[in-house]
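Starting off, we have a lone chain in the form predicted on its own, written out as structure tokens.
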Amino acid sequence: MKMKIGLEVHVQLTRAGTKLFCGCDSDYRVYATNENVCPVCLGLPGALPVPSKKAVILALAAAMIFNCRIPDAIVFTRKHYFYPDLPKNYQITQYEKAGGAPVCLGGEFEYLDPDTWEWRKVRIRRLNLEEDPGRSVYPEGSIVTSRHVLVDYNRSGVPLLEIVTEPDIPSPRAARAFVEYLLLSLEYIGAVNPRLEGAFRVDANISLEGGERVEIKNIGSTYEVEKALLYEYKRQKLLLENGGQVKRETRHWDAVRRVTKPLRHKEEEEEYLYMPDPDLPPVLTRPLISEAKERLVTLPRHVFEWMTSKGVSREVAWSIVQVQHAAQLYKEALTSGTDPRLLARFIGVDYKGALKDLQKDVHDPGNWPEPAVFRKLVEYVQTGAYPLEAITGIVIPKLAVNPQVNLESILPEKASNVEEVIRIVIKENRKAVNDYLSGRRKALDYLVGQVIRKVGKKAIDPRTVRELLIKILTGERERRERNS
């Protein structure tokens, strides 16, 4: 049954430095309850808002990513509704009607679908820059189960981007891919750290043929975006197939029970009583455009396509692109003499995998070595100084434990008695030797493995082992033939 999905993605500008209309810290998470507040973000009488220049620049840069029409001036609007976490009883946002003008209208965004490696387009209806409300705390579980609510206003006033799409997304999995790529793009322009708790929230609208649109509120992770939409699709499909009706409503995603629950009937826009905020004059955008463009120098798509043009596989390139610091490392480590594919493997597969095995944060720059270290590792393999297996199996795991360690101190000792070890292995594995001499080529792989195992942690090149084995065994075959 065909579905339509549209998203409203609310992204905190966690790297804006301050709240949207006052000087309080945008990183409210480090403060005690109701400590990161002032008269402006508490909505006290007489307090006047002043827009943050950096937040506006970040919003304009986002609008450019989405190829939006940017007005000459943006107008902030009051959106009236009553809720405990909204101290003014209205939210300062943007609206394309009632005299307002949002940051962008009528855009388009392309995201990468990693299942098919295709770029898919989604139309963007608008992008609003608004203030985040405070945070409601439910001491007895959730909004559904708790008998009372507490409010923390530390978050109140944090700059928030509301990105509204048209219903162009074809499936729950595509919705997840869209949000993941959107967040990655905003991270690349320095707007958000999407891994912070509460850094983004998604409201998803889904409708099936024959039913009304249903909104699912406050989905808190990209994984839950897919799960919530998949559940709601199945719920609506079953209802329609049994002759029921899907009514327009707002539902809450219960991530614990993995179900959607009805909250309320969806309000109409007129109920919010939008009006231009009389305390905020229009903000001219043209003087800020050049600063916004500077943030678009490097975007995930640019890096991905540049890496694949170097011969790096799409899978490895995407693994690197998803970690912005890793992408920067790759760019700085790559020189004219460095193998781009081997470098990509070391960064995007081996080292990243080693960090995950150690349960270290791959996004923390402190967990990565300098670019010169990766360049040196590639050089060791290219020149034959150390075999690939020694670098990936011995050096990189040690480096991940302590990325600041002296590289020379963790290089394995080189095996110096390779031919002697080979002759011992030949003597101890006569069946495998006879199998090889009788034409069973796989026996050679077994013998190579036995040599490497006997050498232990010393560095040894499997190619050298193979060549010596073939040379010695060829000599043995010739002696047998002469004696027969």
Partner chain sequence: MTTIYQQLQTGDYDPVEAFEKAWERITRHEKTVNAFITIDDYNKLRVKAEEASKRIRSGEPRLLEGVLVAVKDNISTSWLPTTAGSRMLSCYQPPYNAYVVERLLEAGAIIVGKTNMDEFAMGSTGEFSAFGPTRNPWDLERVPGGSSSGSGAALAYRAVDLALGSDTGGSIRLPGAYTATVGLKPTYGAVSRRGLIPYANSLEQIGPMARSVIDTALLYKVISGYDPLDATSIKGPGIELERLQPADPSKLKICVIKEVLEASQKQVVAAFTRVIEKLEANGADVNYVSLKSQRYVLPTYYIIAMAEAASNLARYDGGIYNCGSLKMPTWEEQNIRVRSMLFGREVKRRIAMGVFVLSEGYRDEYYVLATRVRRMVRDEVLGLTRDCIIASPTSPVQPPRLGERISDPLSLYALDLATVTANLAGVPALQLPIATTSEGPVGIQLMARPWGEEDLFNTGLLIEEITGLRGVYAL
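Residue numbers count along the first chain shown, from 1. Just so it is clear, the structure is predicted and the values come from calculations on it, not from any experiment. So that the term is clear: the rigid core is the largest set of C-alpha atoms that superpose within 1.5 Å between two forms.
Another form, the form predicted together with the partner chain, is not on view; read the next lines as being about it.
Proximity of S146 to the partner chain in the predicted bound form falls within the 4.5 Å heavy atom cutoff. Residue contact check for D279: one or more of its heavy atoms lie within 4.5 Å of the partner chain in the predicted bound form. Within 4.5 Å of any heavy atom of the partner chain in the predicted bound form lies no heavy atom of G449. In the predicted bound form, the partner chain sits beyond 4.5 Å of every heavy atom of S313. For the candidate set L407, L240, A98, L196, a heavy atom within 4.5 Å of the partner chain in the predicted bound form is found for exactly one residue, namely A98. Only one segment in the set 36 to 44, 54 to 62, 441 to 449, 419 to 427 has any non-hydrogen atom within 4.5 angstroms of the partner chain in the predicted bound form, and it is 36 to 44.
Of all the residues from 72 to 90, those having a non-hydrogen atom no more than 4.5 Å from the partner chain in the predicted bound form are R78, H80, F82, Y83, P84, P87, K88, N89, Y90. The Cα shift for L150 between the shown form and the other one, taken after rigid core superposition, is 2 angstroms or larger.
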